[in-house]
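Shown next as structure tokens: one chain only, the form predicted alone.
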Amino acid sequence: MSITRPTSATIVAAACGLLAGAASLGSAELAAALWRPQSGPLPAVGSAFIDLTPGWLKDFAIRTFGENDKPVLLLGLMAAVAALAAVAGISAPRHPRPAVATLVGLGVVAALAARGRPGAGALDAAPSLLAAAVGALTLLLLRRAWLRAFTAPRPAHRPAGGPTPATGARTQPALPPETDRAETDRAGTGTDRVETGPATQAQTPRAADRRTLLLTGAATLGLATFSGGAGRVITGARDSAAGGAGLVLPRPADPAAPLPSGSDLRIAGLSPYTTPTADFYRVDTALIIPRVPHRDWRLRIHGLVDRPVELTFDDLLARPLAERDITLTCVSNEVGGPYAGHARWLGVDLAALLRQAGVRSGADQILSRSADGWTCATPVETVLDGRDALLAVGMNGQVLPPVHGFPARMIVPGLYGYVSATKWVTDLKLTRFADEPAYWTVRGWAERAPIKTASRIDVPKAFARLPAGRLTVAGVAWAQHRGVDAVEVRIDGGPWHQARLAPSANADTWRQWHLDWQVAPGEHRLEVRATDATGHTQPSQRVTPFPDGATGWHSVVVTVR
């Protein structure tokens, strides 16, 4: 016999590889669900990729994909695995060892990535190693079925190199077999010599063998679907139980004052003063949202302290809760970007927690750690200087959503999120900047990152086509912990015009602004700048977010007809 390789056979071989890859990932999904979802191969490799991503690539991903950057990364990893699995399937009939090694190698790489995550144990490598074993065994099983379906019987026995009985033509010498002995009994040499002569009845693959291959593939697909689906169901049930559903938070002992009348201008297209929770921006490194059941949650305060503290979630809720209006901003926000939002937060006074532990002299950093191992460095003085720093458990009158850090997260007004807003926080260590750098500090971002004065035009949108007449220009400005004192707008490089400012709740929140504009036909460029309460005005020169936040005037170009 000899292996025939028509186009259809190659496609089926690729499908066999894809099925082996699917079975591999499905089994890993189920194993990870039973242990820890973050230990699955795709999350583990994706998280390692994020850790190794240079700053410029991170900024590019956020600019290009926004909050979809993580789904795009996971889809990219799945596409890469699918491509390698298909190649392994195509090469398996002739080169089984390299094909199997490809799938095993993917599993081993994922296992190493999972084992290298912060706080990972030996069992975190198990889902990926299981994926390697399942992928290899499934590929060999499908390869055997493929060989039976696409291997043509040899013509009648004749000496190698001798003339054929019918034509006298000489045959090619047989090549060393690459299949196992059981396959050789059916497949002859097991080589991939393609028959180029007219097909004969003896060379037609048997229908029964093709049915066997089809059934084997269907069973593999069913197993992959079942295991992957079961893993999703288990993970979903666990996430639902850990999401705080049904939890009722105590009323604040120190409620926030009502928002000032007129703080929300309610102009169409203008960002609302309070950002709806569902619309609040999300920028973090977590491929899978950490789910920590609040009854299992613990917060440890230790390091350079006199009295280490450990709190449960019930301990936290038993303390007086404060309600505060605070606007957050991400350091990745480009000039005019969307990564700023305002919310009313409910939480425990973070400074009071530190004083309970007793901060020792020499401690200048709070090294906070999230449930997935991410670390954040916050200057101690910014929490103890009287600002409304919180360990938040609620957001906009509801339990803190998992995507925003449930059971608890840090909120320190006036600092960019990467040095102040740890989600899923489980550990606060008092230490020194010189001794223990945090996640983004190691990657070159600034140790101390106060939010820079910024402003944004929301209305009209860039490249809008507008009717001539009287229109409104509107937007938001922020300078957390200093406050915004003025916003100015200019048109086509002309004089600056003072915009009207809406009132704000406090210096830790943004302000809405608007300006009426008598529009003439033509193309126009609008620019905005803000001045904070210290008298500092935004500089005109644009600077990218790295290493401590973007600066520059936001501008839009519109066409008036």
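The first residue of the shown sequence is 1; numbering continues from there. These figures come from a predicted structure and were not determined experimentally.
Unshown form predicted together with a small molecule; subsequent notes refer to it.
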query: For the chain shown here without its partner, which stretch in 234 to 242, 298 to 306, 385 to 393, 321 to 329 has non-hydrogen atoms within 4.5 angstroms of the small molecule in the model of the complex?
result: 321 to 329
Candidate site 453, 537 and 546: all three near the small molecule in the model of the complex by heavy atom within 4.5 Å: no
query: Could you tell me if residue 78 has a non-hydrogen atom within 4.5 Å of the small molecule in the model of the complex?
result: no
message: Taking any heavy atom pair closer than or equal to 4.5 Å as contact, tell me whether residue 441 reaches the small molecule in the model of the complex.
response: no
- prompt: Would residue 404 count as touching the small molecule in the model of the complex under a 4.5 Å heavy atom rule?
  reply: yes
- prompt: Any of the heavy atoms of residue 110 lying within 4.5 Å of the small molecule in the model of the complex?
  reply: no
statement: Heavy atom within 4.5 Å of the small molecule in the model of the complex, from candidates 282, 429, 448, 94, belongs to 282
statement: Students should find that, of 313, 424, 150, 273, the residue having a non-hydrogen atom no more than 4.5 angstroms from the small molecule in the model of the complex is 424
